[in-house]
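Next comes just one chain, in structure tokens: the form predicted on its own.
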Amino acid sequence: MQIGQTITQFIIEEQRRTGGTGDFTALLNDVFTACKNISSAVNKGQLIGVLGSAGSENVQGETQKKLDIITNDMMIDATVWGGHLAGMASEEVDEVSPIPSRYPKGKYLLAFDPLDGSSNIDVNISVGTIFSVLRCPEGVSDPGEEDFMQPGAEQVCAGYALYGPSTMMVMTTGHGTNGFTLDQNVGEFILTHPDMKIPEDTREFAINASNERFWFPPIKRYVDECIAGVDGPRGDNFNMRWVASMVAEVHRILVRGGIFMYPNDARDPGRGGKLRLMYEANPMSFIVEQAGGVSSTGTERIMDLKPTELHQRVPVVLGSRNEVERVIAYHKEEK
């Protein structure tokens, strides 16, 4: 790997090392094209009238932004025609999206969140796109929901695009995590952050503190100890961050370390958490683990979970190894 090489060259070299056929490379290039288009729309914002509510809700009952719908269509339009996908699933759509009969079908499944953190879009805070690639089960030509029910450990690839001061693509194919920055002058993602590694220790945590009254004891214990600073049991001062965009939170952790927590809580414990397993937790867990971090529900490894439904939610605790393992230990002690 060489700093300055394009993401296409990087993927082709990965393909050569693993003996791939080229379908995977072509699929990823379609995903990258979609993210470039999304980046352009996000950057133009109200100049092209894409901000504000769409006046509808997604399957989770969340109010959709105009850009939620626009970016979902962009991802589908860029990937549906290439002949590399057997089906796709979006956080914004109730059911699996089939490949129209006029297009050839491939051997991969694509799951994606077209615009993570879209509640921030109207106030110009960083948002992103998250994607996960799975293999379609052998012999299946028209995949349904059950064919997407694969543990995160079976992902072929996961990645996210961050639309911030610069647009970045961070991805893994199971051989480390690498970051690429979009050069707007040439329209290419260029390798700028090779072999990203998360520091094992951190003094920075991210959680929505407004939910404190609903937290279960292990999470409350951990946060209380961090807030107590040098006078508490940790004997050190911690900083708290919260962007309300998972892409932005995870990217910060990849660059300088930290722990991100979106736990289940007492408001609706039966829901199982806030973040979606297939569109958010699994791909981010793959990226984080490949960078040397840890990702857990607090009680079990996220990528070991077998999904039971397309829009399943899970608690998420991920980031620097030693801090995540501390939270896991607190959950074990609570049992």
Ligand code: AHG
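Numbering starts at 1 and runs along the sequence shown. Keep in mind it's a predicted model, so treat the numbers as computed, not measured.
There is another form of this protein, the form predicted together with the named molecule, and it is not shown here; the text below is about that form.
* Asked: With the named molecule left out of view, which of I198, A111, M169, M246 would have a heavy atom within 4.5 Å of it in the model of the complex?
  -> Checking each option against the named molecule in the model of the complex, the one that comes within 4.5 Å is M246.
* To do: Could you spot which one of S118, Q150, T202, S97 gets a heavy atom to within 4.5 Å of the named molecule in the model of the complex?
  => The residue from S118, Q150, T202, S97 that makes the contact is S118.
* Of 38-46, 294-302, 23-31, 274-282, which is the one stretch near the named molecule in the model of the complex, taking non-hydrogen atoms within 4.5 angstroms as near? -> Selected range: 274-282.
* Asked: Any of the heavy atoms of F260 lying within 4.5 Å of the named molecule in the model of the complex?
  -> Judged by the heavy-atom cut-off of 4.5 Å, F260 is in contact with the named molecule in the model of the complex.
* Asked: Is T192 one of the residues lying within 4.5 Å of the named molecule in the model of the complex, judged by heavy atom distances?
  -> No - in the model of the complex, heavy atoms of T192 and the named molecule never come within 4.5 Å of each other.
* Applying a 4.5 Å heavy atom distance criterion, does N124 contact the named molecule in the model of the complex? -> Looking in the model of the complex, residue contacts with the named molecule do not include N124, since no heavy atom lies within 4.5 Å.
* **Contact of Y103 with the named molecule in the model of the complex (heavy atom, 4.5 Å)** => Outside the cut-off, so no.
* **Heavy atom contacts to the named molecule in the model of the complex at 4.5 Å, residues of 206-241 in sequence order** => If the 4.5 Å heavy-atom criterion is applied to the named molecule in the model of the complex, 206-241 yields only N208.
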